[in-house]
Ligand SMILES: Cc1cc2nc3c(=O)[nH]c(=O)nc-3n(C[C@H](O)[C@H](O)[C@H](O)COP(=O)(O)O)c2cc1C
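Shown next as structure tokens: one chain only, the form predicted on its own.
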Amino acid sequence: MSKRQMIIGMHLGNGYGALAEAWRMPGVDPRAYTSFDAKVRQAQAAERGKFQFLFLPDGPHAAGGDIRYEPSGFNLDVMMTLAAVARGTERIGMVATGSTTFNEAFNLARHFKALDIMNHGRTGWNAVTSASPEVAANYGQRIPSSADRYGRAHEMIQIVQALWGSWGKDAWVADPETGEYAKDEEIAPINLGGEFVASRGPLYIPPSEQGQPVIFHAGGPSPNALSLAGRYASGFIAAAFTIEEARAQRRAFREATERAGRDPDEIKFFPGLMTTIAKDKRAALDRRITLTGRMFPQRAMYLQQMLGVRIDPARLDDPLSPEQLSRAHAAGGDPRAVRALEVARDGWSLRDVLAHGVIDYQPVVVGPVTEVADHMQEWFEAEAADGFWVIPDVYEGGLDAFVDGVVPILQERGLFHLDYEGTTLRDHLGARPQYGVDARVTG
């Protein structure tokens, strides 16, 4: 039996990086937001590092903080971006988000399978329900109830997969000698409908090299998410801030997969990881202060809630006093508070505590490449992750630092592959072959 190895994906976002002022860093094109060439270069760097997939979240609204100073965190359009990336890469997988609430099944089926043809079987669909009122408003709608959103999502995935399989595996002949282009008896309507969505079909797109795209899901371990991911997903994009939390989430999704009639190894669990890499901890903290320091006075107010002690925003260069430390505690309700308290107790100034990324939306490692590799190894070997989706602080420089520094360490430790062994996303994930619906879980 071969040794278990981690799978690594990379967040491919707005062209700048994870942090708000990445667009202002020296060497960064401040207009990379609209540059598809920049996205292709970033994808090529990830492929050079043998990453198994790119992950593109999506939220079709002006997401982010203060647009006066911060760009949106999302791509212009995930499918257009990946169409460009497909032409500039050869092996890396491409997982794009598509809402089941604000799209129709036929359109999603066509777009994702066409991309799967274009990139020769490297596509994944991150099927999410969308819960943002801002997104709903852009479509002139309101957010449906959770039951309706997930009810529609189950129907959407089954209909999309049925559409993917409506052109039979051997239907395309294209034989100029006989004149037969396709076997029409192997191309059939699906005529599926439910409470929320329906489609006649068929979809006139033949199989790709992997048959059809791979299903992903993202979010937290709610009962609805567990049910959806357990039935359909080969990958789950997660957020977890401690090993214990990640291990519990991973176990829950594996159990949900088994309840759905599938092998629990069929779902891979990917917590996020934000990185700021430098020669040492001090240099890395200074880099993050440069990138995020403008927000520290505001974040200090939230930090005091996390730690349960009063913080003066005018004294961020001071550590917590002994008296404050004696009263500080990890406030309930925010899993990041444990890490914030740990860093504060190490004696760092409040500015440095914030620079550790204790209020960021994913766990953050700030320091040299060995600290990043150690974090990944610890979580992986504790069975808190099957791999990670990595979010560099700045793509320009930060991605190369990961590829050239962290990846070789993981490879030397036997934790990450040396090269691609297959050509499709299913190959990279070890996902089972599938064409059409999965008969085990659609009853």
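Quantities reported herein were computed from a predicted structural model and do not represent experimental measurements. The numbering used is simple: start at 1 and walk along the sequence shown.
Below, we refer to the form predicted together with this ligand, which is not included among the displayed structures.
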task = Pick the stretch from 304-312, 281-289, 367-375, 238-246 whose residues have a heavy atom within 4.5 Å of this ligand in the model of the complex.
result = 238-246
query = Going by a heavy atom distance of 4.5 Å, is residue 220 a contact of this ligand in the model of the complex?
reply = yes
key: 4.5 angstroms heavy atom contact with this ligand in the model of the complex for residue 257   = no
query = Does this ligand come within 4.5 Å of any heavy atom of residue 58 in the model of the complex?
reply = yes
ask   = Does any heavy atom of residue 362 come within 4.5 Å of a heavy atom of this ligand in the model of the complex?
value = yes
note = Exactly one of 128, 229, 350, 277 comes within 4.5 Å of this ligand in the model of the complex through a heavy atom, and that residue is 128
query = Of the options 225, 355, 85, 267, which one has a non-hydrogen atom that comes within 4.5 Å of this ligand in the model of the complex?
reply = 225
ask   = Along 376-399, which positions have a non-hydrogen atom within 4.5 Å of this ligand in the model of the complex?
value = 389
